[in-house]
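Before any questions on binding or motion, here is one chain by itself as structure tokens, the form predicted on its own.
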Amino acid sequence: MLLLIVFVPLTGAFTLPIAGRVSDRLRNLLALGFVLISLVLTAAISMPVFSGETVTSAAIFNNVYNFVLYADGLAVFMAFVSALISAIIIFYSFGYISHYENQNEYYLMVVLFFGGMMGLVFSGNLIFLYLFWEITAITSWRLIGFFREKQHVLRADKAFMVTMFGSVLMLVGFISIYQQTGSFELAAIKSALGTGHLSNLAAALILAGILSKSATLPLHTWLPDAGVAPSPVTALLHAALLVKIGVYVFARLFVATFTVDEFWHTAVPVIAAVSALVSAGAAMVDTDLKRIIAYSTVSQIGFIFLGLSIGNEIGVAGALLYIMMHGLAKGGLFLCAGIVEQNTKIKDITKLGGLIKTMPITAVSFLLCAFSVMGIPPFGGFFSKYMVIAGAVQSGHLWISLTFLVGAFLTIIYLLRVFNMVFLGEVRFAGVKEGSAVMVISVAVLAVLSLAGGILIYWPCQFVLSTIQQLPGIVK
């Protein structure tokens, strides 16, 4: 099952252009089916994993390049959340992408990207983790430049070059780990280091790659520019998968595998705080709908890094819960923005208004998802934000906590500003209506899940707590 979770979407993606020549409907259903297979199988292996069993699949080549897939609570958590949100985004794509050319390439790249994500999540060897990391880089480059216009291609190139720069540094960091421990396998690295620290050079190089992928200051500028991509792509990259790759690898390496010098437990929260505050300020003044939501993503990623880097139980649990709740709500915001953009042909919020009268379901869905991102109770985003800040206070990072509280307040202001300017006021467009049924259903489902995740918070918390029980080194 572990092999199927990775290789069904990874290899199945290449059948989609062939299926598209037969039938668009067949291609679409196959794309969704490949992701749903990974989702169902991830749920299936979660039962033995959370019961304490080790699920491993390995192909032994030599002592350096052994192909190892390893499922623990952290990997299962990330795979399940990613597959759930990806399935909803692909379903939304049935309506959104049907208006455009190159649909076969779109579904190929989306599912291949998802397969790369699954491979990265379950990789137990740093070399193969890097390989899957680069699969996501290449596919995201093609997806960001999907519309082929010169400006779009340039922005796709920018995203590729920034993230590739970081990934090369990260690869050098992996080589440094090999020099220190004699292995690329995570289990062997953990055993070799024992109670010792990873070298500061390796930690710095790996962190550079992580920050570039997760669009954290100062390597964040590619993410707002990537808003030129189709809206389901921005939802997939900005909310569900791409930027979460960095925080997942941070959790996998810096929380679950090895310990680092105490300096990094201070440096990373400071970087995250500055990133959260600066990007929130940018969202306050921008007028492009998708850029504002993208800046919001940069800001919210800072909260996740804060929770993971402080290393105590409530902070790490809050960070993982944040990954889930932010993915649901921010995915909903991008998909709502896609409906608005596709029906009005406008992304400038100063030229929009009154759309709640013609797009009531989209408007309400946007507001519900926004409430979760803001951290308004009883939405799921409230609990994750509270736990992260409480963990920071508990660990003694009082000033950092106050900085994030300011960032949380700014989030409320700029998202309410967007809702007011886009959906309230006078109607400026005649004949504008809701998106297609599959698009409206998708955003409504994400909005309901954002609310239900808070009302039924016991179950997401149990999922998260089961995950962190398997993570060593967390301060109780």
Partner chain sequence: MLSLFVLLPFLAIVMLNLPLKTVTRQLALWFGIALSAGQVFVVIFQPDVFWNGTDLLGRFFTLRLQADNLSMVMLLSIGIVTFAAILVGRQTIADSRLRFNFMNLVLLSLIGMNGTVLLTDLFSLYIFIEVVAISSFILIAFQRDLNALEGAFKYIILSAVATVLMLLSVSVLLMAAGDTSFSSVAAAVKNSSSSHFVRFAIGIFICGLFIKGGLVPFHGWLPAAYSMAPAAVSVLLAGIVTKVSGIYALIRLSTSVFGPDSSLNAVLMIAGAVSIVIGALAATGQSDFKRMLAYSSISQVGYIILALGCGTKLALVGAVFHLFNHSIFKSLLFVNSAAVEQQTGTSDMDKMGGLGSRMPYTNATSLIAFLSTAGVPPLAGFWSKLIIVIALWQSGYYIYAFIAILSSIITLGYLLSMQRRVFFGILSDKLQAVREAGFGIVFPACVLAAITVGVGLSFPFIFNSFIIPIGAFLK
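Residue numbers count along the first chain shown, from 1. Quick caveat, the model's predicted, so the values are computed rather than measured.
Absent from the display: the form predicted together with the partner chain. The rest refers to it.
J.: Evaluate F254 for contact with the partner chain in the predicted bound form, applying a 4.5 angstroms cut-off between non-hydrogen atoms, and reply yes or no.
T.: No, F254 sits far enough from the partner chain in the predicted bound form that none of its heavy atoms falls within 4.5 Å.
J.: With heavy atoms only and a cut-off of 4.5 Å, decide whether L169 touches the partner chain in the predicted bound form.
T.: Residue-level check for L169: yes, a contact with the partner chain.
J.: Consider T287 of the chain shown here, and say whether it contacts the partner chain in the predicted bound form, taking contact as heavy atoms within 4.5 Å.
T.: Result no; T287 lies far from the partner chain in the predicted bound form.
J.: Since only the chain is shown here, I'm wondering whether T358 would be in contact with the partner chain in the predicted bound form (any heavy atom pair within 4.5 Å).
T.: No, T358 sits far enough from the partner chain in the predicted bound form that none of its heavy atoms falls within 4.5 Å.
J.: Is it the case in the predicted bound form that T15, I18 and F113 each bring at least one heavy atom within 4.5 Å of the partner chain?
T.: No, the candidate spot makes no contact with the partner chain.
J.: When the partner chain is placed as it is in the predicted bound form, which of 254-262, 398-406, 149-157, 379-387 ends up with heavy atoms within 4.5 Å of it?
T.: Correct option: 149-157.
J.: Exactly one of N104, Q342, N312, S176 has a non-hydrogen atom within 4.5 Å of the partner chain in the predicted bound form; which residue is it?
T.: Comparing distances to the partner chain in the predicted bound form, the residue within 4.5 Å is S176.
J.: Only one of P269, G124, G145, G209 comes within 4.5 Å of the partner chain in the predicted bound form by heavy atoms, so just point that one out.
T.: Among P269, G124, G145, G209, a heavy atom within 4.5 Å of the partner chain in the predicted bound form occurs only for G145.
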